[in-house]
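Shown here is one chain on its own, the form predicted on its own, set out as structure tokens.
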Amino acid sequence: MIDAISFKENTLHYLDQRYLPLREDYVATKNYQEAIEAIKTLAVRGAPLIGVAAAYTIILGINSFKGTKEEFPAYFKTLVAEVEASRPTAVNLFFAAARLKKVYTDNFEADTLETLFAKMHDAAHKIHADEIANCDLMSRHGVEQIKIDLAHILKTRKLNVLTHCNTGTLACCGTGSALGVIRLAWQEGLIERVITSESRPLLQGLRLTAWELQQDGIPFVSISDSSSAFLMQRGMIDFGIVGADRIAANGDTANKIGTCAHAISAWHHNLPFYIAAPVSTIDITIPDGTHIPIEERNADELRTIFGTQVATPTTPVLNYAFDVTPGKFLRGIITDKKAVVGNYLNELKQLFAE
């Protein structure tokens, strides 16, 4: 069983994903700044897991506080700001921070610091437990939607599915978002083979998703990011499913760079393309994808591959970590509450009222 992240005896434990699959390094820290660095450097990654890591990082920060109750508000404000600045795109991070800020706001005046901190600890563990449960719910809703949309193919054969980046246990704590759907679909005999695109420049598909599929014994093949349209043209892909880092109110979705190209190719070939993400990934406060901040990362992620220089150090580079797929290219958005198809603007908003 993959143990991507845990919090025991006031210590954050995580699997450093930068070295997979060639090396499994588990790290333990009580230092919140080290935990922030782990988020920044993608030692921990994946939108839901980033949210859990952010919650536990805040807990590490309050554990290290040594001042008076009167000094805590300024300290807490600075701490949360540092955590929120670690990754700008994944909304789960801000969702987790907001949950802990609410615990603080609701209880600071009445509680002692000891009681307040205990409530915040409980809230962080609840965020973690919720993400694990959300994976199981997404998986079921996703499989049921696939059975509806692809029933005509399932009458005669199993399905070949494309996925991008990593959306399994390494990204989501539980069985995964998109990969959780794939796992359950395979267990139910719906999947013939998974096609995982490499996900340049950090190769999360080639390194991480392939590793998880190998652990499970699920048949797969890895491809270059630019291959998917050709495989669709040849009838080698039946549908696509990926995760998300932020979903706007109209269904526009930010996910790992390269997602939009896969989605457009699927749309052109009349193949369903799904997003699987918990409701916590939906940012109902922004109307569309133009409002999603897109992280631009260090150029050396492209100019080097695992420390080996593949371009000159002065080669100009644009290294966006994410792109935005317009909602019109999506067949559906699969959440822990239900699979949403059709009018995203109305139905995504309703998820928050249910």
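Keep in mind it's a predicted model, so treat the numbers as computed, not measured. From 1 onward, residues are counted along the sequence shown.
Just so it is clear, the following notes concern the form predicted in complex with a small molecule, a form of the same protein that is not shown.
- Message: If we define contact as a non-hydrogen atom of the residue within 4.5 angstroms of the partner, is S177 a contact of the small molecule in the predicted complex?
- Response: Judged by the heavy-atom cut-off of 4.5 Å, S177 is in contact with the small molecule in the predicted complex.
- Query: Even though the small molecule is not shown here, does L42 get within 4.5 Å of it in the predicted complex, heavy atoms only?
  - Reply: Residue-level check for L42: yes, a contact with the small molecule.
- Item | 4.5 angstroms heavy atom contact with the small molecule in the predicted complex for C172 | Yes - in the predicted complex, heavy atoms of C172 and the small molecule come within 4.5 Å of each other.
- Query: Is N255 a contact residue for the small molecule in the predicted complex, using a 4.5 Å heavy atom cut-off?
  - Reply: Close contact exists here: in the predicted complex, N255 approaches the small molecule to within 4.5 Å, heavy atoms only.
- Item | Segment assignment from 126-134, 226-234, 163-171, 78-86: heavy atom within 4.5 Å of the small molecule in the predicted complex | After filtering at 4.5 Å, what remains is 163-171.
- Heavy atom within 4.5 Å of the small molecule in the predicted complex - residue from A244, A248, A263, V91: By the 4.5 Å heavy-atom cutoff, the listed residue in contact is A244.
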